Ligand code: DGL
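Encoded as structure tokens, the following chain is the form predicted alone, with no partner shown.
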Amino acid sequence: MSTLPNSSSPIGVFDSGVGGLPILQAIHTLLPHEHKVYLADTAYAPYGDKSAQDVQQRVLAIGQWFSAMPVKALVVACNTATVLAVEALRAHSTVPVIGVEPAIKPAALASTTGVVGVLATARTAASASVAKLVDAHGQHVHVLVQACPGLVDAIERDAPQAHIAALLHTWLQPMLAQGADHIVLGCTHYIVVRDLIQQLVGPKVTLVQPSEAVARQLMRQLAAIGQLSNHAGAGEVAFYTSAPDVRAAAGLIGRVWGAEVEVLGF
């Protein structure tokens, strides 16, 4: 007989690696008393290079793993997984499932130059979801959607900053040349190198990312079903990875998280 989640159950968060950690940090800041479980699905990174069917099958398998804990909510902290698989995951889930989409709407509303850039994986950039967001919120601004092949892999490999900067420079310069004053980080991995991107675009360009918005949406959904924790102390955070080398993965996760952490194999 399966155990049903309750208000003391953890929140599940996953991504194809370390990209979802900034979202986990935002959730941990907003909901410090909640227990959380994070899965870095590094063995399957990047999702943006996989077929839609492969991503859906993987996301559903991860959903089953979290359901067996059980978790009381599941955050898909990955734009590509959200685009390709969140609806299938919701159809198989009995708990709230919160996805991530590029923050094109707030960027378009805030732009004064009328030009907004979007950095995304190839799958996300070419998706119908992004096309719908551009159609819905880009009537009065020019939205430049740029696929960034290889960037997620470079971040997961912990590549030298100079290499990542060279990749970013190629994609950012055309946006800046056209006057972009807001750039949307349309992949959660890109939030990990946010400081480097800010350095490359300069202080007059605003970077837009969804971490705090996702955390607030999670809180609203848990409150709506009466599942916010009554726990008085600090919530525990457990980390898992599908990487073959768990120790190496733990080092990268700890650096991005900002503290040494214990990581278990998935």
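Don't overthink the numbering: it's just position in the shown sequence, from 1. Please read all numbers here as calculations on a predicted model, not as lab measurements.
There is another form of this protein, the form predicted in complex with D-glutamic acid (DGL), and it is not shown here; the text below is about that form.
Check: in the predicted bound form, which of the listed residues (Val152, Val118, Ala180, Ile98) lies with a heavy atom within 4.5 Å of D-glutamic acid (DGL)?
Finding: Partner contact (heavy atom, 4.5 Å) among the options: Val152.
Check: Can you say which of 138-146, 71-79, 108-116, 171-179 gets within 4.5 Å of D-glutamic acid (DGL) in the predicted bound form, counting heavy atoms only?
Finding: Correct option: 71-79.
Check: Hey, in the predicted bound form, does Phe66 get a heavy atom within 4.5 angstroms of D-glutamic acid (DGL)?
Finding: Answer no; every heavy atom of Phe66 is more than 4.5 Å from D-glutamic acid (DGL) in the predicted bound form.
Checklist line | Heavy atom of Cys187 within 4.5 Å of D-glutamic acid (DGL) in the predicted bound form | finding: So Cys187 counts as contacting D-glutamic acid (DGL).
Item checked: Partner contacts for 28-48, taking D-glutamic acid (DGL) in the predicted bound form and a 4.5 Å heavy atom cut-off -> Pro46, Tyr47, Gly48, in sequence order.
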